[in-house]
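One chain follows as structure tokens, the form predicted alone.
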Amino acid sequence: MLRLAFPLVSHLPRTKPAAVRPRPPLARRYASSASTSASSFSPPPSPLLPPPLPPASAYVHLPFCRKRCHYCDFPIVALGSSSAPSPGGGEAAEDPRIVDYVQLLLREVSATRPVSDDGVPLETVFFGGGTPSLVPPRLVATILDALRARFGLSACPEVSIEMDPGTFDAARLRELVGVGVNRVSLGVQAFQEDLLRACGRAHGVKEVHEAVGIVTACEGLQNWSMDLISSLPNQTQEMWEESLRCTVDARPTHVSVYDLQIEQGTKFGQMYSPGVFPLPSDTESANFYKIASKRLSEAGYNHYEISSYCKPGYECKHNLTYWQNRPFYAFGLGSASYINGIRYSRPRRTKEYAEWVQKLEDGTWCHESRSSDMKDMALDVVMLSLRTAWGLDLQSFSKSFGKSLALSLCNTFKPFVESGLVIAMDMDRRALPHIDFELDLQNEDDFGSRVAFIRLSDPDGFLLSNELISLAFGIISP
């Protein structure tokens, strides 16, 4: 993940960006051409702390899967191959383990006090997992009802759910849409049978095409995302190109592209070492990333975050909550909420989670944590801002953390602006020549008169995000 103490040089070796599947972060994690502004869509507000509003988003963890994939280190409950839903998701599909867990989750929602009495409703809800599409729509509806009763839902909330091929049919998807789901994240990962089998996926290519057909034909569902993974064992450039072509042909409104990370404790962690055959080298992985950026951009997708692409207007509103460092509720096994500058994590095992919920209900739960200090806040703002196409708002950063720190960051990034890995932009987000950036740095009193934002270039700057963010961390917290 984070590499520290990189030397300040004008050129660093190309490495793949850290793959962060958008989740409520347990801790600090991270990880277009230089000629124009980031994109044609309006930028979101800067992720400054403390958050000005109470949470307006909720993440709900539904941990059930048919089996654990070889790369997965999320807290899940493997149900076995018999867990595929019956048509329509009726009573026969309601595994008692799912029913019991949902009841436990409902107790947590009920015992959670809203941060504000102002009645700020939830604008986004994200059902992640696991494979939430294994949960019967009736139970998903009960969770939404509980969130509505406890926190309120806005008039048109974004309600997303992760779904895997082979775990739903047209009737189940229609039911989910009927209870309020309006965005689907489809976990395809690859379009090659050998790759799906190699990474332990429970579905095959036939089920992928069937799932895409069901999603695209579902009336009332216009917003859906497709997940892909690059740098899988024995994956070739031709395979990756084919997966990208199939993705573009499917015409999702959003695409998430994750580079495989080998995590300790997973089956892949026991089998492979990063960069060692049959895994691609860093150079090959970087090439996969560049290919994805090129192909998806050519197909009309905006590369708005390191791992995220969308058609104009289809950014994932919930995930933007994370990238903008805004507060959010979280519920369920292993999840982490972020409220008033503090992250609250739940246990990763079902038994301990049940005990945790009981303490929450009894009022005996005590969270040992500390509020973020100014350094932590500055680190989060830089890390999260530089993951996005909008970049770091220097004016807001200066107001929050001081002009001298903003100036030091810009001086650190100066050689990378010259090389094109970092882009300096004016108030209208137009790219500035390197000479304007240098002139802005020469006089501290005049700093910020030309340069309003800095962002990483796509794809080369994004590829060096880990190293560039590490350099920033060295300035903020030496």
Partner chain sequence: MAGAAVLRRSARRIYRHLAAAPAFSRSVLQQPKRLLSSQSSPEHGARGAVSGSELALYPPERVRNFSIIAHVDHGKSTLADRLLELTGTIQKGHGQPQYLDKLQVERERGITVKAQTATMFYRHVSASQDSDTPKYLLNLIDTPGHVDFSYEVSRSLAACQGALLVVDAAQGVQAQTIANFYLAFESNLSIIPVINKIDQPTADPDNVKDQLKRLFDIDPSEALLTSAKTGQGLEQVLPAVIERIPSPPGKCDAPVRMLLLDSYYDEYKGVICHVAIVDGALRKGDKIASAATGRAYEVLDVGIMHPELKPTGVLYTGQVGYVISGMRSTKEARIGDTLHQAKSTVEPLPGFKPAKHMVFSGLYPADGSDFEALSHAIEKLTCNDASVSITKETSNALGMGFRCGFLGLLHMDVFHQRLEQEYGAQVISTIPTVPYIFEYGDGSKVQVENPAALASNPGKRVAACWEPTVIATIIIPSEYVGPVIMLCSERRGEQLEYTFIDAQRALLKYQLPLKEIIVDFYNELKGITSGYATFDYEDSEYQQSDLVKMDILLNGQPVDAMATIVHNQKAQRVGKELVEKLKKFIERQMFEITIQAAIGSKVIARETLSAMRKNVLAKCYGGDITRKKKLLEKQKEGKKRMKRVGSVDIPQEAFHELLKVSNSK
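Since the structure is predicted, the reported quantities are computational estimates derived from the model, not experimental observations. Residue numbers count along the first chain shown, from 1.
Absent from the display: the form predicted in complex with the partner chain. The rest refers to it.
The partner chain is not shown here, and in the predicted bound form it never comes within 4.5 Å of any heavy atom of C310.
The partner chain in the predicted bound form is approached by R343, whose closest heavy atom lies within 4.5 angstroms of it. When the partner chain is considered in the predicted bound form, T283 lines it closely, a heavy atom lying within 4.5 Å.
Interface membership of I454, defined by any non-hydrogen atom within 4.5 Å of the partner chain in the predicted bound form, is ruled out. Only one listed stretch (353 to 361, 151 to 159, 275 to 283, 246 to 254) carries heavy atoms within 4.5 Å of the partner chain in the predicted bound form, and that stretch is 275 to 283. For the options F74, Y101, F397, F191, the one in contact with the partner chain in the predicted bound form, meaning a heavy atom within 4.5 Å, is F74. In summary, among the residues Y301, F331, Y314, Y258, the only one with a non-hydrogen atom within 4.5 Å of the partner chain in the predicted bound form is Y258. Shown here without the partner chain, the chain has F416, L421 in 401 to 435 lying with a heavy atom within 4.5 Å of that partner in the predicted bound form.
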